[in-house]
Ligand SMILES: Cc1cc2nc3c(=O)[nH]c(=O)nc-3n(C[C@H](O)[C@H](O)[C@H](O)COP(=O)(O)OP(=O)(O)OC[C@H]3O[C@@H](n4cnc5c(N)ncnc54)[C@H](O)[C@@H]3O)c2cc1C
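In structure tokens, one chain follows: the form predicted on its own.
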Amino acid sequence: MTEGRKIAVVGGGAAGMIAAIFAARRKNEVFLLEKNEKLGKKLYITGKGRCNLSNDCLPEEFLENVVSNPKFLAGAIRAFSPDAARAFFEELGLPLKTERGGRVFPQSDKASDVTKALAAELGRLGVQIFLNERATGLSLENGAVNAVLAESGRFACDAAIVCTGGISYPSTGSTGDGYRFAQSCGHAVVPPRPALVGLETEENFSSLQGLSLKNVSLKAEYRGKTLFSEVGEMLFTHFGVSGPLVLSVSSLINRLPLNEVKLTLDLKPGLTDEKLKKRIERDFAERGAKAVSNALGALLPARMIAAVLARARIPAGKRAAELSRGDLLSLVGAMKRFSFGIKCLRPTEEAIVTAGGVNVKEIDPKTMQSKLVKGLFFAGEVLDLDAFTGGFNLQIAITTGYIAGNHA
């Protein structure tokens, strides 16, 4: 690895700042171009403003949470693991804490503190930062990068690291610039799709809008095969469904024909059909004179009762004691197998991350360097890499930024 080279980093998000830091630590002359007025603009909104920057897990567990191209990351995540990332931030003077599900946050609960720590290290290392500087393209000579082209002029370099993000949250500057740079250099770009996003449903759930369900199970099936089945939380919205379970499902189905995907909600995953039937019979024995909509009050939220009874085709005003055995079985079925279809994913602008991006088959996983153009590196969300929620996507940005910065 040659030291003392001139390295251009395009994009001042998590991947870009990390790449610039590690390139500068190798005694290179590093400059960072950021189109926004400040660094880390998307970091400020991650983890609801608290910045879930990693996950306290082993590399093997980490890879299980990567949806697109986990094999590509297998070596990289061992080279710069979640443990290494935590140690790095704490060395920068940022105390961390671990919460439910292994989620790692700054102790202050302030995303701005993460950006401040990275910016301070960039300053200490003498990285030149150009804010409000939009890169417009790359200049190549003899199959190698020799400059980054920007609105204010040409920035000559020996290597360029493209860290421009995807196309989710375009207000933060993620507008697909990196895809255009990659394509101009001959790279294939896997069509970007929304990931970790809400789903518009075939059914109208407006009567349930705002209802949050906890400890329910959501199953996604595609052509008879179960893609996902987990217990957790979900939310009904004006467009359909969202919440943690739904976001995870969206990342698994965003490349499939959605009309062939079936979602099934189990409102009582802890009970078998038979146990649920007995529980309902017991409740109804105590509340037999009440309308069935009232008799179910101990089992379901009020608004969910109406939806379940409609599915079971049982009149809400029918007395609990009057339900037949067939009615009870229908009621159990509606609670255990509340299925619905998907119309479409919500727009990429609303997605937490973008799936798709620069095809990783054309990138060296050991260095993050292009296999087509010498001196061209990619890191972060611009690559076709995405994962579930829990700090895994930010860890991808950190890890790939570290690898690219060290090898540029």
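Numbering starts at 1 and runs along the sequence shown. Note that the coordinates shown come from a computational prediction; the quantities given were computed from them, not determined experimentally.
As for the form predicted together with the named molecule, it is not shown, yet the points below apply to it.
This chain is drawn without the named molecule; in the model of the complex, the residue among 69, 36, 367, 65 with a heavy atom within 4.5 Å of it is 36.
Residue in contact with the named molecule in the model of the complex (any heavy atom within 4.5 Å), chosen from 232, 243, 301, 173: 173. The stretch from 91 to 99, 130 to 138, 268 to 276, 328 to 336 that comes within 4.5 Å of the named molecule in the model of the complex, counting heavy atoms only, is 130 to 138. By the 4.5 Å heavy atom rule, the three marked residues 42, 164 and 394 all count as contacting the named molecule in the model of the complex. At the 4.5 Å threshold, heavy atoms of residue 352 reach the named molecule in the model of the complex. Residue contact with the named molecule in the model of the complex: residue 28 places no heavy atom within 4.5 Å of it. Heavy atoms of residue 357 never reach within 4.5 Å of the named molecule in the model of the complex, leaving it off the interface. With a 4.5 Å cutoff on heavy atoms, residue 80 does not count as touching the named molecule in the model of the complex; it lies far away.
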